[in-house]
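Only one chain is included here, represented as structure tokens and corresponding to the form predicted on its own.
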Amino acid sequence: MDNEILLDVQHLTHFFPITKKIAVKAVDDLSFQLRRGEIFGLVGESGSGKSTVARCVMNLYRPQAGRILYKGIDTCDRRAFRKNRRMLQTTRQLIFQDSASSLNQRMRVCDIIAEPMRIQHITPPRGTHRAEAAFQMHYVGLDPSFLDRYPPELSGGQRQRVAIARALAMEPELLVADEPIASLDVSIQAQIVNLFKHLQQEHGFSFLFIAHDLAMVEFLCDRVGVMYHGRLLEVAPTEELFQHPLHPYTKSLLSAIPIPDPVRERARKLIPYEEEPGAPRGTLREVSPDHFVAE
């Protein structure tokens, strides 16, 4: 991992209108940077705005304010996006939470994996689309015999591996995973996270990993950002954040992590967090090297 900034999110704000006068602010003045070759985890409870951030980064949503710079290109600028459309669509890939709905139920696995290459008119490195799909299947731990199956014939873990293979077939520089393990069994979650770690080491891509499972984030990520109600409250290297959390909400979140030991689990105390009404929406301040906390 080097210090080159691949993704720079600056003062991102996005809201969803409910009526003409009422809107829900999903992301509120959020800024963070993702370095080349880094795994950055974004955590927070459901409804904190994590998925909205992922969709803005991938240009599925157009934010109301802020800038998103990818390799120095402002992807929110329509002219800049059109000029660099092919590069942006090939070097950035997204893995959704629900593999059942993100895979076409009427397409065979080999066609699903090869589809991005067909759309972008990319010649398969291994000669044919089928050979390329078979290689990617092997890479994510699936037997080539699955090539002619359809998504409904696969388990949840197998479908998620197909989704990962489809994303990796494009050899992306940025991979965004929006809660990719949330809908899987615990044992399958561990397999997928281990697969992510192995693939990132092999490919060296930058990885924005969005989750609410803090144990998985601690195992996988280099740095972690903690979100609450659309705002980023704390950003720090993973070990630093888990050992020395500074923001009250981070402390509350970490206190909720289950402990495998039944005796210690019974003695565990949750730290409540209640945001004071009218509390100032502070900016992030660096309190120690690479450790930022909202004031």
Partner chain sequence: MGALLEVKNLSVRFDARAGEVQAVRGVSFSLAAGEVLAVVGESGCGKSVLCKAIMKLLPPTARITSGSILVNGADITAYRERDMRRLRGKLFSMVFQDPMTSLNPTMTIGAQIGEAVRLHHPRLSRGELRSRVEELMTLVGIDRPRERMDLYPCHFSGGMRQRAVMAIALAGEPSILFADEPTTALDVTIQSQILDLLREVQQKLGTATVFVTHDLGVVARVADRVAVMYAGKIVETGTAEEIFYDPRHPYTWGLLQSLPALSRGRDTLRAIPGMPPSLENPPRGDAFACRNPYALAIDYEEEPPMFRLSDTHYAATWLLDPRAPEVIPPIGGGLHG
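Keep in mind the model is a prediction, meaning the values are calculated, not measured. Residue numbers count along the first chain shown, from 1.
Keep in mind the form predicted together with the partner chain is missing from the figure; the text below concerns it.
Although the partner is absent here, Asp143 lies within 4.5 Å of the partner chain in the model of the complex, judged by heavy atoms.
Although the partner is absent here, Val193 is a contact residue: one of its heavy atoms lies within 4.5 angstroms of the partner chain in the model of the complex. Heavy atoms of Asp77 never reach within 4.5 Å of the partner chain in the model of the complex, leaving it off the interface. Although the partner is absent here, Arg264 lies within 4.5 Å of the partner chain in the model of the complex, judged by heavy atoms.
Checking Gln120, Thr123, Ser155, Asn104 against the partner chain in the model of the complex, a heavy atom within 4.5 Å turns up for just one residue: Ser155. Scanning Gln33, Gln64, Ser252, Asn59 against the partner chain in the model of the complex with a 4.5 Å heavy atom cut-off leaves one residue, Ser252.
Only one of 34 to 42, 65 to 73, 264 to 272, 232 to 240 places residue heavy atoms within 4.5 angstroms of the partner chain in the model of the complex, namely 264 to 272. Using a 4.5 Å cut-off on any heavy atom, the residues of 158 to 193 that reach the partner chain in the model of the complex are, in sequence order, Gln158, Arg161, Glu179, Ala182, Ser183, Leu184, Asp185, Val186, Ser187, Ile188, Ala190, Gln191, Val193. Note: the CA-CA distance for Leu168 and Ile188 contracts in the model of the complex relative to this form, by 3 angstroms or more.
Legend note: Cα of Ile188 to Cα of Ala133 is at least 3 Å closer in the model of the complex than in the depicted form.
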